[in-house]
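Alright, here's a single protein chain in two forms, structure 1 and structure 2, each given by itself as structure tokens.
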Structure 1
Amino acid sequence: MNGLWILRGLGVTLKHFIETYIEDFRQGKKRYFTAQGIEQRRSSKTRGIFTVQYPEEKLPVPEEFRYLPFLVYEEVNGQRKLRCTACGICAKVCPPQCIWIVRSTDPETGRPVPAPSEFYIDVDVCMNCGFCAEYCPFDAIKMDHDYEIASFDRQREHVFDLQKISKPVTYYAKIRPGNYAEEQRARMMKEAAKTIA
């Protein structure tokens, strides 16, 4: 019969419509605004309404998620110590060449010191590729999870300087616990190997 398949097709949309209410009924309050509810809605069992109601509820980002890079520092005796040694590998590997590093020099001898005195990332050029974090030999630069960074003025806000991109190692451990643990383990192994040798 002509038009039968149109009706069947409309049945599909009707089913989608009804499923939302069935799910609402089945899961009750915990369907919205709870971590569990969001997890359920993004799993492959999801039915009915699919919307994540940002900003009230946010879709959690996975550990490997990358947005912009940041530099990791450790607190030693209340002093911030950047892990970065200004080796320049990230600046070399960066595809659009948006990392600018000035290596510190010792004011007396004039010799280079393994620390950056200036470090810029032009976020209007950065392509969030993650190469800098992937190839940094000192685990000093990492990809951030923070994406809520809309601004009114790019001339002032969009060149991240040392001040803006330095974040503590605790923050790193929090957003990327798996990577952090892995690195710690590798570091311990190295230390252990050193003491044995």
Structure 2
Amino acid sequence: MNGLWILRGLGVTLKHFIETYIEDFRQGKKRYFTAQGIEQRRSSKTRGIFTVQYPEEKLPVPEEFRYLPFLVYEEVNGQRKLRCTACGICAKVCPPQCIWIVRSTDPETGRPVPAPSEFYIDVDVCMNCGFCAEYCPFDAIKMDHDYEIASFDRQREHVFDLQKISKPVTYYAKIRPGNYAEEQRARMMKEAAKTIA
């Protein structure tokens, strides 16, 4: 009885093996390393091999996919202007406490300036929950789609500083076009309400 089930399992493997060659012959080169080929192999109607050949092929991530947080900056007169005001809300709501912020101070008066002088995220501790992005009142933190961060040196590579986590608003618009358009629409409505009042 056990031998029958082993043979049936091997039969399924053999069927997929043969169907793979038939589909490769039928579809040709467009079956692999193309967006169309990846989508076809992801469908429930696929025949033969359905494995994505990572890292040469990558599954497209949905717009709401979240991996690591990053700070958004805007280009103003050729200079970076971070949206972050170093309020510290992100660090307070972070469940694993992996965000550290040092607020800038005015060198002449010694008073705090609404901008971070240092901002660190320990990406090995980050659990990718997105609370920092959700609670940020200035839309300064967004969740990234880049999940390929493996390295050998944890201390140097996995504690992201201000330089490493800052990305332009155009990058955010590219990875999350729907969210960006919705935010722009909300900003325009807010500006229109200010001019009316």
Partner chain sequence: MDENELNLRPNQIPEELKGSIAVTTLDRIYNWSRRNSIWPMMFGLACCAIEMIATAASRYDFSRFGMEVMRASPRQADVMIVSGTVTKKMIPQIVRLYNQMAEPKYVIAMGACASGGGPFKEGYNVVPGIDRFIPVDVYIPGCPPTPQALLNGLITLQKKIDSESLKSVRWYQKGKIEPIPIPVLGPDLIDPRQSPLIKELCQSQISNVSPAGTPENLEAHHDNQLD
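Numbering for residues begins at 1 and runs along the sequence of structure 1. Rigid core: the largest C-alpha set superposing within 1.5 Å between the two forms. Predicted model, so just to flag it, every value in this text is computed and none were measured.
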Mapping for form predicted in complex with its partner chain resolves to structure 1
**Prompt:** Is Gln184 one of the residues whose Cα moves 2 Å or more between structure 1 and structure 2, with the core superposed?
**Reply:** no
Did Met143 shift 2 Å or more between structure 1 and structure 2, C-alpha, core superposed: no
Core-superposed C-alpha of Lys174 shifting 2 Å or more between structure 1 and structure 2: no
Aligning on the rigid core, one finds that Leu10 shifts at its CA between structure 1 and structure 2, in Å, by 7.9
